[in-house]
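First comes one chain, alone, set out as structure tokens in the form predicted on its own.
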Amino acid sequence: MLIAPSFLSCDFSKLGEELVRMDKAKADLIHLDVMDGHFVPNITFGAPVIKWARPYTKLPFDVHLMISEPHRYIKDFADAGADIITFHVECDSDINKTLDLIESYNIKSGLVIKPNTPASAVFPYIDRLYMVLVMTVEPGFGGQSFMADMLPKVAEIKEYAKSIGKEILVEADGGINGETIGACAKAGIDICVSGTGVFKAEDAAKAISELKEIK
């Protein structure tokens, strides 16, 4: 299992140092949550912050767009240094046209599903995707509990992908820590996003290692 520390949990006054710390701690990716205050009720950061952060690490930037019209901003995030761009199947943009844009910049693409969205919503696009992100909390709200009943979606997605001869990664985000990551591992999750459990840990390397060891 890969661990993607959530950029939102870093100390933004020491942004560069925090990314270097995650690199040394052997994180696998950096997960960056972009919220527009419309698709979700919070506002975080945009492409300029990602561009400023990019020189501090070579770790892949996993950019999760929680925005209403992602197609309008794909170029901005591509230019900022995104390696993976995921956006919500529930967004207002045309899904295939947005995927076309992402692919035109040679960036890996993914779709995200909210808790109330069935796994089948991504099936029409599976053959085009690198990854599907299954939200295990409602996006945009902090401090929520992990929704274990989202995990059956993982098997549904992987079984459908296999049926069409496609290999796909499934990522989970929301409420993941040492107590909940075991269920993610058993469900077949490939990438787990973890925020405070990693960035706020006194020893980030130890925290990441321990998360990876939980089965």
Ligand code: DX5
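It should be emphasised that the depicted structure is a prediction, and the values quoted were computed from it without experimental measurement. Heads up: residue numbers just count along the shown sequence, starting at 1.
Just so it is clear, the following notes concern the form predicted together with D-xylitol-5-phosphate, a form of the same protein that is not shown.
M22 falls outside the set of residues with a heavy atom inside 4.5 Å of D-xylitol-5-phosphate in the predicted complex. For M66, a non-hydrogen atom is located within 4.5 Å of D-xylitol-5-phosphate in the predicted complex, even though that partner is not displayed. Proximity of P115 to D-xylitol-5-phosphate in the predicted complex: non-hydrogen atoms within 4.5 Å are absent; the residue sits far from the partner.
Contact annotation for G81: none of its heavy atoms lies within 4.5 Å of D-xylitol-5-phosphate in the predicted complex. Heavy atoms of no residue among D36, P70 and C91 are located within 4.5 Å of D-xylitol-5-phosphate in the predicted complex. Heavy atoms within 4.5 Å of D-xylitol-5-phosphate in the predicted complex are found in one stretch of 22-30, 47-55, 150-158, 173-181, which is 173-181. Residues V193, S194, G195, T196 of 183-204 are found to place at least one heavy atom within 4.5 Å of D-xylitol-5-phosphate in the predicted complex.
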